[in-house]
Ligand SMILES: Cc1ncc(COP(=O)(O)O)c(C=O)c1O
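One chain is shown next in structure tokens, namely the form predicted alone.
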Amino acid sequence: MNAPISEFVRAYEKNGGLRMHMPGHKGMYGALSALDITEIAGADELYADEGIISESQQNAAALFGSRLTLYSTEGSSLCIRAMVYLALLEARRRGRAPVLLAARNCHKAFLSALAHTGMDAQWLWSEKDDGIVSCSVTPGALRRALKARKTKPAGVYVTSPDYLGRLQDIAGLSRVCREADVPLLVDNAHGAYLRFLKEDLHPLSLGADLCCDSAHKTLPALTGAAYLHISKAAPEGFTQNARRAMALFASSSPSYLTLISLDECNVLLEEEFPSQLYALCTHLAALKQRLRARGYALTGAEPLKLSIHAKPYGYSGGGLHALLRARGIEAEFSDPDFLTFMPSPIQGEEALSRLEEALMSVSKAPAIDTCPPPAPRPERVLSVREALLNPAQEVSAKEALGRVFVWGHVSCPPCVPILAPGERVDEEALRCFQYYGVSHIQVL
């Protein structure tokens, strides 16, 4: 498999021509800047692609088994907005309600997509106490939610995997969606690698119609590199309108450094990455067994994540993270309960050995028996769009009881809001704000 974007840009850099175009550094500001160009002649144009970008995206589509794969240099956030917009267009074409049945643990980009498009959400709640970050939706629960509606929704939207490595039953959910004739949209930002396991677990392969992957999270690509995938079984309108959907929300100045990384990633995915992935997952599975034997409580079934429920071992997630930071190890995510690591196949077995040595050096302490507050299920007062398009006032979270929530800082990770815009702040929400350290929010 070739890498046409990379080949073009590297040839342009070697040519040494006079750059009378953007960017302002003119390729003279450090080594990477020489490869940082704009959409000059021959460089093609993202979302109006007919040349090297089109060729590279076709390579990616072949690797992922999609009808169409488009690149994003603005992460999965861009792809999420495009997916919601595509679902809205298809719903209007078919005379359906502009509503998505959505698992509650959505990324904040999903909420901004609702505001941008005017699409609405009917929340799908977990049948068990999953906390804020997770929201397991069973096929049975989805079937009941679909049957309870008088009109068919625009689609179903879930996040899988989530930050704790928990996977939805995508195959089961997709069967329910097929029965109901509604599309399934999956935020697979954390699971691009799932396609390249011995057992293909990628959402497209399991029946999703639309799917976004953040290449930079689990593949060897630069930050911001992501894909929008459209299934071969998806409605034709998704393919016809995909470039329009991406261009509507995207910057007109894509990063060619990020495009190069996506382009060169195709070659790696076809060649050495799958074997490296298999080796790492094998070593990581064995490490998980040894950690459990040591007394660590693990969560999530995702093969490329290691998520520790820290309190049974006697620490908060943040406390355990601090001990590892002192040994030069930075985790992906920690909160009062959990600590998540995301190793990469390109790091090799030595990285896991270093992580294991650090974890095994931590002495087990008496378990902490406090539990996080349950995720709130508040009263909805306004739609997300109505709330976000109104002026808001910033107040102390503890003084916001009864007010209508508009926005609050949502750190990334995990980027999962406690409340959605337009919901009333209740006692459960206050407990969550306090527990997760949210001190101020914006309200109507």
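Owing to the predicted nature of the structure, the values given are computational and were not obtained by experimental measurement. One rule holds for the numbers: they count along the sequence shown, beginning at 1.
FYI, the form predicted in complex with the ligand isn't displayed, but the following is about it.
Residue 174, heavy atom within 4.5 angstroms of the ligand in the predicted bound form
Answer no; every heavy atom of residue 174 is more than 4.5 Å from the ligand in the predicted bound form.
Answer with yes or no whether residue 263 is in contact with the ligand in the predicted bound form, where contact means some heavy atom within 4.5 Å.
No, residue 263 sits far enough from the ligand in the predicted bound form that none of its heavy atoms falls within 4.5 Å.
Taking 4.5 angstroms as the cut-off for heavy atoms, does residue 343 touch the ligand in the predicted bound form?
Looking in the predicted bound form, residue contacts with the ligand do not include residue 343, since no heavy atom lies within 4.5 Å.
According to a 4.5 angstroms non-hydrogen atom cut-off, is residue 258 in contact with the ligand in the predicted bound form?
Judged by the heavy-atom cut-off of 4.5 Å, residue 258 is well away from the ligand in the predicted bound form.
Is the ligand in the predicted bound form near all of 107, 189 and 214, within 4.5 Å of a heavy atom of each?
Looking in the predicted bound form, the three residues 107, 189 and 214 all sit within 4.5 Å of the ligand (heavy atoms).
Heavy atom contact within 4.5 Å of the ligand in the predicted bound form, the stretch among 348-356, 265-273, 367-375, 157-165:
Result of the contact check: 157-165.
Identify which of 300, 220, 75, 317 has a heavy atom within 4.5 Å of the ligand in the predicted bound form; exactly one of them does.
Contact residue from the list: 75.
Within 4.5 Å of the ligand in the predicted bound form, counting any non-hydrogen atom, which residues from 362-384 show up?
Nothing in this stretch is in contact.
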